[in-house]
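A lone chain, given as structure tokens: the form predicted on its own.
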């Protein structure tokens, strides 16, 4: 009898914004990471791994919302009194790595990385405080080709998952367009750094709060459904109107977008530069057949302060009949040019551009949409435990199968055959192997083909027909077991 009282029992639970991942979810994540990593490698990106936390000042003022190293991040003080922070993204650690190893790396430096990042922010649908990112960055290139390549890379990543133009879009803009709008507004009212950030954040929420919500955020502020109030930019009606006109630019035709944006911003240097860069990107993408899935969209902001040029986001969309299942989650990836970030670690300015996929958010949306990345993978072949005194024989079978690269496990519970078969079903086992006393004496084993059983289950009308069906259950010589299982699994793939 336990000596623990009820007061000693800790109630299990997780902090909000965190979650456990089961086997199926982990398989989905691994599948996504494997497919996308192969695309990254095909473009010449090399993998890098950086630590989970950095010196807080290495993250510094380039955190999304505020110029404080502990804003939005989880921080702690080391025993040498230096402040450390869990990485907020994978880009700031890359900038630190490049600054530290600039003379050693091949330039332009193309790296990719997968890893967890942490956000000390309010959780929401599809927004966790710890999640996986998969990044690709090009450091040491300051021209539109690198930006265009990452947009093409984003498209190819979506394609390799089996998505098409009906399921995803890559929406592109340029931070210089926004700079030019703010420059035009600044002719009539003062725009300091704090106000500028409020404006950018307001525009960035267009897909979640709509035009009226953005209008309130640009004015006095907005209260959300939970009752939380967000302070507004307190702009004049004329300035708000100019921003809303900018957001209404046609985003279905790239050339029309460039023309309409030009009528608003072409009197500013920043606007002219943005239009030139977007025109070059459009020309290259069109020639390489990246057309309908890549759109130019004036509402794209990207939340991080360090973007300096081309910016883009990847969004998913599925059949409208499933709309009731989908909360507003936002983009599943994005990136852009950040030419000033690495200069925090060096005196010179190093051109850089990158793309990041939120793997956790992507997996969540694919699960909600019931989107399959190919056929679901099978679990291990299950060897039933029939006679305790012959456990070694079951493990011998499992070892022979594993030696041939076949997943296999022996049932280690204490339940009977019916429960073991239910276990096999829950583990998505393709095959069950039975070696009882009769089989062992005859030098055979019985194989139950669960894959075939599921395929023809609707066409069999009686238990007797099921048992007699030789495609579902049959015997094989023990010494031919491994080759038979191998052929059976290969034929089902």
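Positions refer to the first chain, counted from 1. In this text, the rigid core denotes the largest set of C-alpha atoms whose superposition between the two forms falls within 1.5 Å. Computed from a predicted structure; not experimentally measured.
There is another form of this protein, the form predicted in complex with a further copy of the same chain, and it is not shown here; the text below is about that form.
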416, 479 and 482 all contacting a further copy of the same chain in the predicted complex, non-hydrogen atom within 4.5 Å: no
Stretch from 160 to 168, 174 to 182, 241 to 249, 389 to 397 whose residues place a heavy atom within 4.5 Å of a further copy of the same chain in the predicted complex: 389 to 397
Does residue 41 make contact with a further copy of the same chain in the predicted complex, using a 4.5 Å heavy atom cut-off? yes
Is residue 51 part of the interface with a further copy of the same chain in the predicted complex - any heavy atom within 4.5 Å? yes
With the partner left out here, check for me: in the predicted complex, does some heavy atom of residue 145 sit within 4.5 Å of a further copy of the same chain? yes
Taking heavy atoms only, is residue 96 within 4.5 angstroms of a further copy of the same chain in the predicted complex? yes
Please pick, from 217, 294, 138, 274, the one residue with any non-hydrogen atom lying within 4.5 angstroms of a further copy of the same chain in the predicted complex. 138
So which of 267, 223, 346, 255 gets a non-hydrogen atom within 4.5 Å of a further copy of the same chain in the predicted complex? 346
Heavy atom within 4.5 Å of a further copy of the same chain in the predicted complex: which residues of 12 to 36 qualify? 12, 13, 14, 15, 16, 18, 19, 20, 21, 22, 23, 26, 27, 30
Superpose the two forms on their rigid core, then report whether the C-alpha of residue 367 is displaced by 2 angstroms or more between this form and the one not shown. no
If we fit on the core, is the Cα of residue 411 displaced 2 Å or more between this form and the one not shown? yes
Could you check whether the CA atom of residue 423 moves 2 Å or more between this form and the one not shown, using the rigid core for the fit? yes
